[in-house]
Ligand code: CP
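First, one chain by itself in structure tokens, the form predicted alone.
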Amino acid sequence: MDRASFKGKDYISTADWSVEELGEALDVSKELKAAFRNNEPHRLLPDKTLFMIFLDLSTRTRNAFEAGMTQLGGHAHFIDAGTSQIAHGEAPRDMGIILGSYGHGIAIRHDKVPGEGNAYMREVAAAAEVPIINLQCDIDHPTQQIADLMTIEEHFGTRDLSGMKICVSWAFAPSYAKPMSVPQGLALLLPRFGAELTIARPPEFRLQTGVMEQAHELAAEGGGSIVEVEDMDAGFEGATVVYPKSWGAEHLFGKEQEALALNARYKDWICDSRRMGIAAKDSIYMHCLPADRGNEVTDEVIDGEQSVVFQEAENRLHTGKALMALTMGGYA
């Protein structure tokens, strides 16, 4: 398809893009990965500026987009929301208009409070005349999920996930109540490519109703499916891809001690070698990272032959560059 048509397009959820558009982004990602590995210059965004606003911490996302923008010939400004006027309540509309007039794209991470992040990004998008890229919100983590799909395609040699059982499972972590955006983002994306997605979770860890309703609608259109179970072993059984990670219970966000106490009731929800043995023989282990070693997953699994987490993390760079190049006019 015409890559110039992506210029100015927001990337707030994978659900906002067609399967064809997502496929084009994956094709660009593959091209840019090959160029990077072959030390071939690919300065598609010379003199362009991306403003990156973070209302939460980051390692992979921030560095993938900063390094990626440099490799594309532009510059990424990191903005810690706590040191900007956002912390004093500056309206997202005003900020979107102003930063949009200073540069060529705005990327935002706002993921800690259900009901806030996605709405904030869409308010910025309505005001700004440049594309908005979602670096993780309360609903979706679309820059992570496109990298996940790229990794699955690289490993199995196909983008058509029809008949492939993929298990996204809750896992125990004692650190903090983590956003729901990764499991929700996987539900919004993978069944559109035919995946048979199983979500395994304790009963209290339901995902957001509205998001899951949309995910089921998109799954039906794409020929995939979504089922939910309350047993980790049942989720892993026969799965080709397992993606176990912690997320918070929606009703306990903002109540950290209660949330961690609930998590502690399910310490046995861990990805270990026994559970990997329940999965399909050729299964792979995935995680968006950082993984809580010894709680979400054992060292034996995350460092083992079935783990693709470092390939998955590397692909954050290449997919991020593809999204920036497409939406910020690198092919226009």
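Don't overthink the numbering: it's just position in the shown sequence, from 1. Here the structure is a predicted model, which is why all the values come from computation and not from measurement.
One more form of this protein should be noted, the form predicted in complex with the named molecule, which is absent from this view; the next part is about it.
Chemist: Considering the named molecule in the predicted bound form, which of K33, R60, K48, R275 comes within 4.5 Å of it through any heavy atom?
Modeler: That would be R60.
Chemist: Which residue, Q144, N134, Q184, S246, has a heavy atom that falls within 4.5 Å of the named molecule in the predicted bound form?
Modeler: Here the answer is residue option Q144.
Chemist: Counting only non-hydrogen atoms and a 4.5 Å threshold, tell me whether R109, L289 and R316 all contact the named molecule in the predicted bound form.
Modeler: Yes, the whole trio is in contact, each within 4.5 Å by some heavy atom.
Chemist: Can you say which of 51-59, 294-302, 275-283, 36-44 gets within 4.5 Å of the named molecule in the predicted bound form, counting heavy atoms only?
Modeler: It is 51-59 that comes within 4.5 Å of the partner.
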